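Given as structure tokens, the chain that follows is alone and in the form predicted alone.
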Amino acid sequence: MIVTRQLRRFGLVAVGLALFAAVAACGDDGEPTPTPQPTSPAATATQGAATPEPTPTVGGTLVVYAGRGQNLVEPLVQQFEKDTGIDVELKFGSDAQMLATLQEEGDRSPADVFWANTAGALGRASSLGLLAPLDDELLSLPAAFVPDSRSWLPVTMRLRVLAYHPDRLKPEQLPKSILDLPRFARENGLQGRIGWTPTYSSFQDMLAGIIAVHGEEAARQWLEEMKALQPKAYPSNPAMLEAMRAGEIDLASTNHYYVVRFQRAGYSIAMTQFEQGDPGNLALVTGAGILKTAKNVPAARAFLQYLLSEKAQQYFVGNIGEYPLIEEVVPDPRLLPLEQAVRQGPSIQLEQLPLERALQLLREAGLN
């Protein structure tokens, strides 16, 4: 049963607070981390959540194009194969790479499912006409969770936060808006001491959020002011936070669970929120949809249903620290309640985030 009390409507977004003391560990980049290896989906599911009945076997091979990290999702997909008897062929890349591949392949695409890291990418795929409408059985969710296009399912939620090194900065010193970050850095001599991940999908969605709230010119100016600070660019969030741990940088916008896993390993990294309604507080969903050109629709349907099963949702909670979307899952009591986090973010219909405009700004700035 999908949790209805957590969100008033699907488009609300938010940020996590520093109350996240710890959460289990793996991140979307699939990079090595300082935390223990994830447990298997089956083992995770036994930690308080009932294991669902296996989905009936469906013939053929399922082809999934995934914007999620390989090390992150492969254990879950292997469990899906074991539970259902469905063989899965996975192709990995960033959301933007997967979208570009799908557009290039067109009707020739072998993909059955697009499993994305962000709602912006799913909204873009929908607007390009790549996704098939989902029926009422698959979309048997409260209306608050159903995207307007009815062409994909939300699977999990994560929050954008401002990470900082507490030995060098205090929370009361920090800027109240993501747009104030360049000014704050200049005034406090932090040129070259800020990290960012402009090629990462959640960062790109956050930039799209800045466009949605403040307009394209404000977003362009923010990028230029940030570039003038000579920030250090990293290929992944774990690499960026490892640099913070090592003392190379002091500030970085990231997703909450990356900070949490460094905290669990005993490292001195903290996180905080911006003021209420700020796009730097963006909450993001992962999700999946079935391609219009899918050759194995029965297997694709079974896969989407599995992602919202108790076993899969407990895996996301236990191994990543993301927020689940079903209430049968045992939540991590150390997470800030999602309904509190939601109130901190701007009111944006996530499917309508202007992702292509954000990507264009990054290209113009030489960052993507």
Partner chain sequence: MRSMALAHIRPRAAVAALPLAIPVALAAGGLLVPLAYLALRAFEADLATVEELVLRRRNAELLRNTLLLAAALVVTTTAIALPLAMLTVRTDLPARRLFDVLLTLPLAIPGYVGAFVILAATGPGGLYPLPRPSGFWGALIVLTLITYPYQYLSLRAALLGVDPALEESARSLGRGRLAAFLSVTLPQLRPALLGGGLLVALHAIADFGTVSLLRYETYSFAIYLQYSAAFDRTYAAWLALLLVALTALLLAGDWLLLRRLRLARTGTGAPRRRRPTRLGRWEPVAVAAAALPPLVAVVLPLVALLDLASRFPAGHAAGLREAFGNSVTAAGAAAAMSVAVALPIAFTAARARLPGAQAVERLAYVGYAVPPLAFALAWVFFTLRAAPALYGSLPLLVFALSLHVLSEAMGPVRAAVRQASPRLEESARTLGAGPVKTFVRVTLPIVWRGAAAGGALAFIGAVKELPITLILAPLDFSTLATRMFSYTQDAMFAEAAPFALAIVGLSACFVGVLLWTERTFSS
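Numbering follows the first chain given and starts at 1. Source: prediction; values computed, not measured.
We do not show the form predicted together with the partner chain, though everything after this point is about it.
In the predicted complex, the partner chain sits beyond 4.5 Å of every heavy atom of Trp222. Proximity of Ile348 to the partner chain in the predicted complex: non-hydrogen atoms within 4.5 Å are absent; the residue sits far from the partner. At a distance threshold of 4.5 angstroms between non-hydrogen atoms, Phe184 is out of contact with the partner chain in the predicted complex. Proximity of Met206 to the partner chain in the predicted complex falls outside the 4.5 Å heavy atom cutoff. Interface residue among Ala218, Val297, Ala228, Ala239, judged by heavy atoms within 4.5 Å of the partner chain in the predicted complex: Ala239. Residue Ala96 is the only one of Leu174, Leu130, Val155, Ala96 with a heavy atom lying within 4.5 Å of the partner chain in the predicted complex. Comment: 229 to 237 is the region of 273 to 281, 287 to 295, 206 to 214, 229 to 237 lying near the partner chain in the predicted complex, near meaning a non-hydrogen atom within 4.5 Å.
Contacts with the partner chain in the predicted complex, taken as any heavy atom within 4.5 Å, map within 62 to 95 to Val63, Tyr65, Gly69, Gln70, Asn71, Glu74, Val88, Glu89, Leu90, Lys91, Phe92, Gly93.
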